[in-house]
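Here we start with a single chain on its own, the form predicted on its own, put down as structure tokens.
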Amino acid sequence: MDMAVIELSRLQFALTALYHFLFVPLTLGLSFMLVIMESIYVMTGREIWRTVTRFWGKLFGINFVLGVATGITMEFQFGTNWSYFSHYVGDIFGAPLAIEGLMAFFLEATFVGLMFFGWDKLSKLGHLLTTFMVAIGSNLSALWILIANGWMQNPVGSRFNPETMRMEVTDFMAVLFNPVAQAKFVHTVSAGYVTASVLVLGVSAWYLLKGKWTAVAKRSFTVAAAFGLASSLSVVVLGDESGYALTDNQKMKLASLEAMWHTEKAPAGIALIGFPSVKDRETHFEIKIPYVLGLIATRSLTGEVTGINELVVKAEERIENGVRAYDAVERLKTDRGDLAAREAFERHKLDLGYAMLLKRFLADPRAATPDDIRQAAWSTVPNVPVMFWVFRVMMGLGFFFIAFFAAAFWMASIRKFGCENGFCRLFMRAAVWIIPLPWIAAEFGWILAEVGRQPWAIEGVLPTFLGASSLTVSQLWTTIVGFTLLYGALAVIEVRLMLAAIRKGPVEDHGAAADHDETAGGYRPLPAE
């Protein structure tokens, strides 16, 4: 086992995943915003809403194409870079991915063409249905992907079969309704809705500052403000639900993102700021709000949030039990009728994955010393400083978006679009400048989820370092450089296309610049305004 190969394989997957996730949130959010906008068009019959829908649909299309292109390569990496992972858990992990392709991707791919080219060929209601099906397909795709990812975080409905030496499904409904997957899905799609709302609001604010396309901008601003406020509230509430799910399923991740080295008296406080030290195994200069973490994590005043040190002790116990399970499996390989080995395996099978952590330090876990077991137990602690600060940046941005959309909703409600006062112009400028922030929050959320899961590829079942393919360092560097150059070129193309579409504005395909106003030096409202 070459750890350089492992780390480079992780780096490659992280780069492609982070890049792909630049497009996913916007696709999720814009798809349903298009449904809202087109629904208003169908109900009112006002052509301005058709113009609004087609404009944002163009930006959705650019983003959608790049999302598809970058997502396909990720699925191939499971076979090329993580072949043992695919072999060991493919029976379970592969099912949601296959269903995502057959159900969700084909659904959105079928209707996306009708959505773009069916405006003059379908009835208003028929075209709205195609837009709705694209939105459903996009969000269903996220559902199945997050069911697969949720199973990696909480591997329910499955068991290890010592006869095949693989993980197998025992209850697919448990996999489907995995509480971690459900919490991750609603949290992720809500974050996508926030991302789209910020983009629509920011572009609309830019138009209003420039005096361009004000009819489209005002309506888009109003939809984005309402949709964004609801979504930002949902992100925070469902983020709390995700934290509650960690209490039962990923206690080490919860303790690490709070840099809680020792178990506190219930209910535990939440740290606003602090400086975690891995060397000292302490968090220095910590400022805490009493009771909050206990209430979030346990929904009670008496529930306990276990600290990192205590969790490491429990990990040592599970490693020792896992070694017994590992020994039983080795005995069953030579004699499947060994009843004593079968009984020992059944008693300790849930801890088998913990024994596999020892393979990072020695070939045979059964030869482990107490020092080896202690070292393997501490390897279950993820990067605490990264977890601590990434979570706080993400949490701070979440509350910022609530305040931001609340202000936007207030402005839209009283129709303060003229920007006669300083606050309005300042807010509009801020709306343009903060467009990148939801992407930063989304990427940080992904980092929090995946770094916090280490050292596991499958929580408690398969360590990451055992899942990689037998590749060379040179092969991995070649693909990393290749992907970086290719994706960098695609990023430039995508940004240029998006900016060009925004600069052009909501001009219909026949070229009618609908609301040009010579005297204002910009644009006048459409007749429907």
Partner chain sequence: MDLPLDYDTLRLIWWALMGVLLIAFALTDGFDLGVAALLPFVAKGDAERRMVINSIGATWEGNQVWFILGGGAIFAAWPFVYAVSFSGFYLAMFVVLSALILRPVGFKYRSKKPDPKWRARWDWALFVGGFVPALVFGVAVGNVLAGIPFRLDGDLRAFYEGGLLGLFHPFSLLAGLLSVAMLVLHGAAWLAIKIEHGPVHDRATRFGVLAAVASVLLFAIGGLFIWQGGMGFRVEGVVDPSGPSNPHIAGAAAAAGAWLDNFGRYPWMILAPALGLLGPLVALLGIVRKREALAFGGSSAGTLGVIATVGLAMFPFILPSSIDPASSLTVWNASSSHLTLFVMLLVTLVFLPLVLFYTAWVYKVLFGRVTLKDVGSNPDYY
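Positions refer to the first chain, counted from 1. Predicted, not measured: the structure shown is a model, and the values here were computed from it.
Just so it is clear, the following notes concern the form predicted in complex with the partner chain, a form of the same protein that is not shown.
Chemist: Let me know the one among T263, T80, N383, T369 whose heavy atoms come within 4.5 Å of the partner chain in the predicted bound form, would you?
Modeler: The option sitting close enough to the partner is T80.
Chemist: Looking at G211, G303, G94, P436, which has any heavy atom no more than 4.5 Å from the partner chain in the predicted bound form?
Modeler: Of the candidates G211, G303, G94, P436, G94 is the one lying within 4.5 Å of the partner chain in the predicted bound form.
Chemist: If we take heavy atoms and a 4.5 Å cut-off, which stretch out of 295 to 303, 442 to 450, 196 to 204, 116 to 124 is in contact with the partner chain in the predicted bound form?
Modeler: Stretch with heavy atoms near the partner: 116 to 124.
Chemist: Among V65, E75 and S469, does every residue place a heavy atom within 4.5 Å of the partner chain in the predicted bound form?
Modeler: Yes.
Chemist: Please run the contact check for T44 against the partner chain in the predicted bound form: heavy atoms, 4.5 angstroms, yes or no?
Modeler: Taking the distances in the predicted bound form, the answer for T44 is no, it never comes within 4.5 Å of the partner chain.
Chemist: Is there any non-hydrogen atom of K349 lying within 4.5 Å of the partner chain in the predicted bound form?
Modeler: Taking the distances in the predicted bound form, the answer for K349 is no, it never comes within 4.5 Å of the partner chain.
Chemist: Could you tell me if D335 has a non-hydrogen atom within 4.5 Å of the partner chain in the predicted bound form?
Modeler: No, no contact at 4.5 Å.
Chemist: Contact between V112 and the partner chain in the predicted bound form at 4.5 Å, heavy atoms?
Modeler: Yes - in the predicted bound form, heavy atoms of V112 and the partner chain come within 4.5 Å of each other.
Chemist: With the partner left out here, which residues of 89 to 103 have a non-hydrogen atom within 4.5 Å of the partner chain in the predicted bound form?
Modeler: Residues within 4.5 Å: G90, D91, F93, G94, A95, L97, A98, I99, G101, L102, M103.
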